[in-house]
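The form predicted alone is given below as one chain in structure tokens.
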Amino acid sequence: MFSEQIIVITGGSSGLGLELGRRLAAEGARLILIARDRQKLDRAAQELRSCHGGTHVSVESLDVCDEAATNACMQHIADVHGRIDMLINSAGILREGYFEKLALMDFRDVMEVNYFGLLIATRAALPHLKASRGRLVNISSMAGLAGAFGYTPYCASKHALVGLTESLRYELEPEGIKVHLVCPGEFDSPMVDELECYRTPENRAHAQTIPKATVATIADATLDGIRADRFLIVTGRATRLAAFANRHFPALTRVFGDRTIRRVRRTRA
């Protein structure tokens, strides 16, 4: 399905973006990885080329929050490769902590990258996706479907992303563009590794009510969902069960979450 597709991946130098790149490279896709850190991008591209001989991988060092630079980058990609078949928006950051202790800038930074960065990249790629009748894949989170202790900045940005993507689906389907919204639970990644250095105990207990998955599992489920043309891709059985419960039995999930948090606080007392 992905052979010879021109696929752009933001946040492609690490985490889920890179893991998706590994699988897409193995299927013969032509990849353009976008991230801010040029050294990480070069290492990622070298890995993909060495593991999958003959794979085309190019990189673009870019901050997707820079609208002018992102517009120019997407136009350059389309000029060089002739088209863009798929945009995977995987760039994102995370802040966690008690609401009253987080700085206002924490909220602004997370919203800037997770929401506006994705919005800017999507707008820049949109004319090219229309031309190819391609696919838009937005990586959100279970945190975009439910609240979680300590994730006030992150949940706010991911809820905004869910609303944006659901609205975009209605606008872009008539244009021939397939839209996918991916909502994984917590999984192994550099972002989560950093989180483990400072996260609150309440957040750890509440967020990991859904067992942490491997990034490989999330990548496989994401591509399976794209192949099946599913709009909402909730990865993993436990995450799907949690999403179902939150949607249909929200009071029950709040009771369960409250009990989990009280148990942590009793242990600390």
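Quick caveat: nothing in here was measured; it's all calculated off a predicted structure. All residue numbers refer to positions in the sequence shown, first residue = 1.
Another form exists, predicted together with a small molecule; not displayed. Remarks below refer to it.
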Please check if residue 93 has a heavy atom lying within 4.5 Å of any heavy atom of the small molecule in the model of the complex. yes
Would residue 64 count as a contact of the small molecule in the model of the complex, using a 4.5 angstroms cut-off between non-hydrogen atoms? yes
Taking the small molecule as it sits in the model of the complex, is residue 257 in contact with it (heavy atom to heavy atom, 4.5 Å or less)? no
Hey, in the model of the complex, does residue 189 get a heavy atom within 4.5 angstroms of the small molecule? yes
Can we say 15, 37 and 139 each have a non-hydrogen atom within 4.5 Å of the small molecule in the model of the complex? yes
Choose from 119 to 127, 78 to 86, 150 to 158, 167 to 175 the stretch whose residues reach within 4.5 Å of the small molecule in the model of the complex, heavy atoms counted. 150 to 158
Answer option from 113, 73, 179, 162, heavy atom within 4.5 Å of the small molecule in the model of the complex: 113
